[in-house]
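The data below hold one chain only, encoded as structure tokens and taken in the form predicted alone.
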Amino acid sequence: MCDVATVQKIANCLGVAPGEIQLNDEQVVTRIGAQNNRVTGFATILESLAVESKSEIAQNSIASPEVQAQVYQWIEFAVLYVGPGSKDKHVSKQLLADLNNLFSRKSYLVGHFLTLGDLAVFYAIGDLIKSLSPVDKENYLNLSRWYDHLQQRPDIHQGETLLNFTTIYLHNWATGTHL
């Protein structure tokens, strides 16, 4: 999750040159920026990208100290829980249920606007969402709505194939199975 490709995607989304991104000797993602400054750690790199960017997402992410702290917490949540938890069947089921419940009350993770926290969780949960069946997607309707909303933005999906969240597909899939 907190790998070189994810940092590059988020940098592109923010309209910032990613610089040289690599894993250091300890396998921690590291960014060497324009002035040859070295930033280590996924959350720290995203913070530095937000400071460099003039994009709406970046500005939303650093709007106030409170927002900045909440965004940082969601980035850490993505790194420490979502990424590793997505690989465990029982943890991922609880993770999906918790996020689905959260999105029943709100549209974004922090405030009423898209932030780096949303991007970090979006990219961290991507493989897990891709593995869901149409029935599973309907069981996590609020999470599916949030994920689909974000994936519709070209700056976020960056040419990746869009996932199908159409509930009509489920109806057609089940047609003819009943007598």
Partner chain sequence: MILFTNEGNPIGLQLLVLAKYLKRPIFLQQITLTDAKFKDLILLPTVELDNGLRLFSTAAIYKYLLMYEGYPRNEWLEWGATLLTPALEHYMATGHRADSRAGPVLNALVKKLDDTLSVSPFIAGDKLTSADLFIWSLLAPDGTLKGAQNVEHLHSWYNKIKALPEVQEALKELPISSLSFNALQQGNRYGGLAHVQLRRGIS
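Computed from a prediction, not measured in an experiment: that's the story for all the values here. Residue numbers count along the first chain shown, from 1.
Separately, the form predicted together with its partner chain exists; it is not shown, and the next lines address it.
Is there any non-hydrogen atom of Trp74 lying within 4.5 Å of its partner chain in the predicted bound form? Taking the distances in the predicted bound form, the answer for Trp74 is yes, it comes within 4.5 Å of its partner chain.
For Tyr108, is any heavy atom within 4.5 Å of its partner chain in the predicted bound form, or not? Close contact is absent here: in the predicted bound form, Tyr108 is far from its partner chain, nothing within 4.5 Å, heavy atoms only.
In the predicted bound form, Phe122 touching its partner chain (heavy atom, 4.5 Å): Result no; Phe122 lies far from its partner chain in the predicted bound form.
4.5 Å heavy atom contact, Pro65 and its partner chain in the predicted bound form: Heavy-atom contact with its partner chain at 4.5 Å: present for Pro65.
Does anything in 131 to 149 come within 4.5 Å of its partner chain in the predicted bound form by heavy atoms, and if so which residues, in order? None of them.
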